[in-house]
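Each of two forms of one protein chain follows alone as structure tokens, named structure 1 and structure 2.
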Structure 1
């Protein structure tokens, strides 16, 4: 069988409706146990070997007293061991909480405490952090054949899971400050698989998936774990940081057919290549996580001959809810609604706005999170009573396509008029010296004004002459009140581990 078998998940009595781990693992072990599911370094792990690792970990978790609803913090690099730990927690009815291995101690302290984790599974590099020594823990490597080698690997029956039982929880990446726990149910990624992965990307059993985003983020978790296993496909895992050189090396070595990354990674890949043409094996290149500037789409197509299929989603909606379609990409747009996703754009009073008018993005779909973890007031403001989620994104709809204008909390109010930083950033990126930029508010004479934070291309240096040239460029393309009052030059912009610009740090 070489096609997509996601359609079989729609059966009412399918185990996919009771336990996510069983849905991901058991059909593949039955159908093709010796097929390689993960390539990690020079190792290949089959579905059978993965299942044995899952059962060993599940037995260990039960020995620690972990049971239904208990939270299990997983601070591991992307590897088959991460997958085994995630699925084992889920299989016994616990709630895996994947977190980045690049956080400071106080962030781990907050997440472990806020989630009230029963146990933690951590990478060797994190063994000395005090915050990860406050709970029962296991220090793990990245090789599955060395993971709990003496534990029993006998199959364990999957815990039954009701419709509201939690399957996993991801903490938001904190682009505006302290992260919030976003719990999801067992069926949430199944919805995303049947809609985005199946109907937009068209993932099939013969595909080999690869993403630059780590599985501690919903974007990476969907590609590397959920979509891969639901389709019975294979994936490439990268335990290391995603540098352009390493990504290109892994692409050359393992030849993925589907690739996902955030726009920042595509920019880095483009800038790292000196050749005029780059031959790549992918049939699909997806972008999400932040707005994709049109110049990145054009530069990627010129370099590789491949189109970038942009979309937008959030941790709260679980995955991409608005997306372009392969062969029908409209540059500058996030695309059209993913099947099964209801979209509204509303004004400050909650009324729908007309086509062509900017509004706040509301999304209702079967994968929406019901609430934030232990934050009822914030939940009530975001997860609305009618089932819609207020995403915090500002968008404009024209001809059925949606255009991202930025985050509502990033909007600047200058002279009584609202300004989207995105519009200013697009103008600044058109200047030949600018590689990247972010616009935030600053106070000038007690009034809010735009400030431009710039990263320059190779061969350009910060100077008063360049700033004067940039001001002239802005004056020629922007209304007076929209022109940045201040210019700052950086080697790089502050970003969270998922690649999003942390504007609050620039404001500070």
Structure 2
């Protein structure tokens, strides 16, 4: 242990389970109520002010009839208001469902419907979307002092949270193109905090955390909310897009001690700097979400003198389950198992593979999701009866270190986000020139990006003009990170005897 108040959280493993919001908030309000927990723009919010915002929002949620187990969709930018809304839902026993503010209307429609949200809290920019007008809602800004200013802020007792009670749910891309809800229990992030944040990277009360990942992703939620508050530390929140310029500006302004981002962000930061040397205040930087090529790690160290501590995890396991350690990074490796995480690498028949041999990654730990939200068949294939989760990642172990080799399915991992090829292919097939297509991953600068392989209809010929038209079509119908980088034209797609596209041939 490293001197924070995580010691007291061992109780979560006892029969006396604890409400997550109460664990995060109450010890801090008692110990250091006036300590600034969040820096957001020019705003500084103390633990006491945050608690008042949580109580105001909890009272509002109760007025809407929200109760135990009800889902609350939160489509807000990162800000103290997001945190207050999340914790307020948690406190009264409801289930916050954080959702990106950059989704199209049909994605919100699916998530609001699938989660059967009781209420939605949304950013002003989303106010006109029909999908977010189908439930009782509150349109929120980013300043906590303007958030329900006239509501009562009297403390509200935390709802009892049993071992199976859900604390939050995050949607992740599914192989069919529809996102899957991944629900987690109250104790799950307490496990990740005790193990990864405390024992692996050593987050302490004096730290100031900053991440480029938003709190609508488990990676950002862990850093900005869970680990910050469980350590009694402080964090920087950025409601804006995580552009290199914005990130460097906030780092200069607020001087974080720890920074987390996906490899794509480190690549952008490196490319954005003209100078040979960049002085940064952090003691180390963390990375996860996609494979970190060793040349990126080397370039970052050359530019900043800082170590990049890489790891791997998933929304299903809740957080990082294999990680390097600060001061002992093996470049190219995802590291060694996080304490409390059992790791297996198995072949297609489920047998453990020997050291040095590629295998499918299975993980068992206390923070594993038990099932996807209302998807029993997919759950049974992923969350195995013996408690292991089949992650879909292919890895190799050597000398106790694990190396990421790719995916065992067709999913792509781009900028820390999963992409189903099916979703892209459906969009491309909507273009009048496209007869057939397949999307696979290609490596550009060491990072995976989507590549579109197309067969054109009669009367259309491959040309730069058509490629440009297809790029515009994809840009108009897909989120930015999903847009294919490359367009290749074929007379036919390679298929096996049963007619299935042989994607591995397209990757060559």
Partner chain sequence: MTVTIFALKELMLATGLDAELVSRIDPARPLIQQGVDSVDYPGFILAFEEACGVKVSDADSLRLKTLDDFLNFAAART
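Positions refer to the first chain, counted from 1. Remember, it's a predicted structure, so these values are computed and weren't measured experimentally. Rigid core here is just the name for the largest C-alpha set that superposes within 1.5 Å across the two forms.
Comparing the two isolated chains, structure 1 is the one taken from the form predicted alone; structure 2 is not. With the core held fixed, residue 462 shows a CA shift of 2 Å or greater between the two structures. Once the rigid core is overlaid between the two structures, residue 193 does not reach a Cα shift of 2 Å, moving by less than that. In a rigid-core overlay of the protein, residue 439 has its C-alpha displaced by at least 2 Å between the two structures. Superposing the two forms on their core, we find that the Cα atom of residue 488 is displaced by 5.8 Å between the two structures.
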